[in-house]
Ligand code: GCU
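Single chain ahead, written as structure tokens, the form predicted alone.
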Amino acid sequence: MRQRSEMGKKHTERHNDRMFIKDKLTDRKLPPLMIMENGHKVESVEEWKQRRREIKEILDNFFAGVVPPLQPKTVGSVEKEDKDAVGGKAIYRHITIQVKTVGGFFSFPCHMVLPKHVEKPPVFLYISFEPELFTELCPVEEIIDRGYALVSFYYQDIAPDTDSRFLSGVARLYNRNPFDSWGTVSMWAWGASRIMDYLLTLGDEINTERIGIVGHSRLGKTSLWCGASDNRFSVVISNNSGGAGTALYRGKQGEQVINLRHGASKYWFCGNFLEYAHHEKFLPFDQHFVMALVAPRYLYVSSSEKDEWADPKSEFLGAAATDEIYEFLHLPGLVAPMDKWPDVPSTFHEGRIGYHIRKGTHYLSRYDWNKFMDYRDLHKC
């Protein structure tokens, strides 16, 4: 009897080990991803499409804000070209993106670098903190050497990240209200989508089926929202994005909604979202709703060990919670051990939700970029 008791105890321990991450998710008391607003459980792909529309409407009204009906028509023009850039290994172009909308005309610049040694390369569209191409956070030469084209734009050329009260940038094109009108994160994402409009006209030069979006920190929040809103991106990469990015709000440490109500960050999202300061548990969504909109495409989440403001454990749980929709679609989502928190460093690249955590602080490093490229090489995404 004692031997059977010991065997039963070990079986229970193994079961509990496998349930570790699931138990952590249960503790967060997340709103259900796969239950429609009428209470019906999603049981078919058609019902998921309906649920997806519900989720997008929730996020438009209570998170990022509703994008106005600008009806953009986009044209790109090459202002400058260097056919021997990056030591002769690449072609560089300085491009102006011109957008005609019902609210008026808008234009902004972007950079493009094409490797010479690859025919129709896949593309990284990088949302940059700097107007220059060569910056600390973007190893241009390494990206080119690994066979990827790079397109980057300065996020504040779309809308200023200041206390501007929405009086300049693309915000000036449309009237707004203080409740559900789009915030600057949605505007920056809109700018990335206008570059996508242009890139899709370059089918002779790039692989238009493999255009990924990448951003870090607040621009990681932006890349995630862009990929969730625009299904033309093949892979969506969100680095150290934390709150309002890939980190779940329920049970989160570090940055909270209240921290977004001051300075320029109070313009990042719609007014309705900021009303949940100190009341995150009542949000009609959590960040796995945003991440789920990327499915069935490829999603990449990256964290750093000492980024306590972003909360890497909540970022990992965000990825784990999103696995539900990939499983429903019979696709491998987050393929990772579920019996403990990820070791540091760890890399999980097998599924359609890629993930890594590295040592160090809040930063976009060469290590991160090389992990992104490893993942895209593996999945051809």
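All figures in this text were calculated on a predicted structure; none of them were measured in a lab. Sequential numbering from 1, following the sequence displayed.
If you look for the form predicted in complex with the named molecule, you will not find it shown, but the lines that follow are about it.
**Student:** Which of these stretches, 143 to 151, 295 to 303, 110 to 118, 212 to 220, has heavy atoms within 4.5 Å of the named molecule in the predicted bound form?
**Tutor:** Only one stretch qualifies here: 212 to 220.
**Student:** May I ask whether R52, D180 and F285 each come within 4.5 Å of the named molecule in the predicted bound form, counting any non-hydrogen atom?
**Tutor:** Heavy-atom distance to the named molecule in the predicted bound form: none of the three under 4.5 Å.
**Student:** Does Y198 make contact with the named molecule in the predicted bound form, using a 4.5 Å heavy atom cut-off?
**Tutor:** Outside the cut-off, so no.
**Student:** Within 4.5 Å, heavy atoms only: does E255 come near the named molecule in the predicted bound form?
**Tutor:** E255: yes, in contact with the named molecule in the predicted bound form.
**Student:** If we define contact as a non-hydrogen atom of the residue within 4.5 angstroms of the partner, is W309 a contact of the named molecule in the predicted bound form?
**Tutor:** Although the named molecule is absent here, W309 would touch it in the predicted bound form, with heavy atoms inside 4.5 Å.
**Student:** I'd like to know whether W268 contacts the named molecule in the predicted bound form, with contact meaning heavy atoms within 4.5 angstroms.
**Tutor:** Yes - in the predicted bound form, heavy atoms of W268 and the named molecule come within 4.5 Å of each other.
**Student:** Quick one: of V235, I127, L133, L260, which gets a non-hydrogen atom within 4.5 angstroms of the named molecule in the predicted bound form?
**Tutor:** By the 4.5 Å heavy-atom cutoff, the listed residue in contact is L260.
**Student:** Which of the residues spanning 326 to 363 lie within 4.5 Å of the named molecule in the predicted bound form, based on heavy atoms?
**Tutor:** Sequence-ordered list has one entry, H362.
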